[in-house]
Ligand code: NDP
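Presented as structure tokens, the chain that follows is alone, the form predicted alone.
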Amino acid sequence: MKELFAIFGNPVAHSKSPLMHNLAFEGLGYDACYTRYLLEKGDKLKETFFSLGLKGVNVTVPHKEAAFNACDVLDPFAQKIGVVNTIVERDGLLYGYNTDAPGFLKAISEFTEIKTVLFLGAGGTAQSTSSILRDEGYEVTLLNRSEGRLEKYSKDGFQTYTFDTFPLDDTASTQFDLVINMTSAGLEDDNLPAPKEILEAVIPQSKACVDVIYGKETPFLKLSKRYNKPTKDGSDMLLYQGIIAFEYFTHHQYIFDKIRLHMQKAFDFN
């Protein structure tokens, strides 16, 4: 019997996940189908999952914390960070995982000799990735427009700044090996993720710049290229988290590189 998977989110129409997963199901001969579902209320996630007869879902904004609350069993990393983006049903129970963070880690692994990282933004993606990067030995600093979202990071021991408190006059404090846009700035507008004077202080000293937005060259990446910095968009992060989710969906029947061979084709349709 064909298994059914989906992505839950709001909005969700733009998601490349159905194409990625269906290419892999077809290419590997796994009898399954993957669709998208506009989930408006996060507290309806569990009820919707079972009413649709799903075997698994990916969860995107704004429901990753609701997904955490909907799960019966959590893997240790998801439990630690409080954010779930992949759910698998087994024997009537929902098992929750986070594949964003390990996917992100793999995506930036091509940049060598990286020690210090600056996150521009402090939302959900930063929540999972800041934790795994620190576990792997990176020093992570977060810069955000307002203080509110930074509070939990400060409590967890991260160095944090707002646009107003960032030490522009201190060269040592503006030196980061990797600068990463974690915001949606530039997705549907021409905005930068932080004031230009801050970016023009940190980008020239960096070794590389990354944007989690995929499929377009954002103003942040354009600015980084003006300083001749190696850049990367979010395509690999999306691909790698999808591959890891697929491994959970198919109970680790296929190795990472075999799945990648088929999922990669989704990015040839741009």
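Please read these numbers as outputs of a predicted model, since none were measured by experiment. Numbers for residues come from their place in the sequence shown, where the first is 1.
We do not show the form predicted together with this ligand, though everything after this point is about it.
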Candidate spot Thr125, Met182 and Leu238, all three in 4.5 Å heavy atom range of this ligand in the predicted bound form? yes
Partner contact check in the predicted bound form: of 89-97, 76-84, 115-123, 170-178, the stretch with a heavy atom within 4.5 Å of this ligand is 115-123
Is there a non-hydrogen atom of Tyr227 within 4.5 angstroms of a non-hydrogen atom of this ligand in the predicted bound form? no
According to a 4.5 angstroms non-hydrogen atom cut-off, is Asn144 in contact with this ligand in the predicted bound form? yes
So, Ile243 and this ligand: in the predicted bound form, are they within 4.5 Å at any heavy atom pair? no
Heavy atom to heavy atom, is Ala67 within 4.5 Å of this ligand in the predicted bound form? no
In the predicted bound form, which of the listed residues (Leu54, Ile213, Leu39, Val202) lies with a heavy atom within 4.5 Å of this ligand? Ile213
Note: exactly one of Cys33, Ala208, Val61, Leu223 sits with a heavy atom within 4.5 Å of this ligand in the predicted bound form, namely Val61
Mind listing which residues of 187-226 have a heavy atom within 4.5 Å of this ligand in the predicted bound form? Leu187, Asn191, Leu192, Pro193, Val212, Ile213, Tyr214
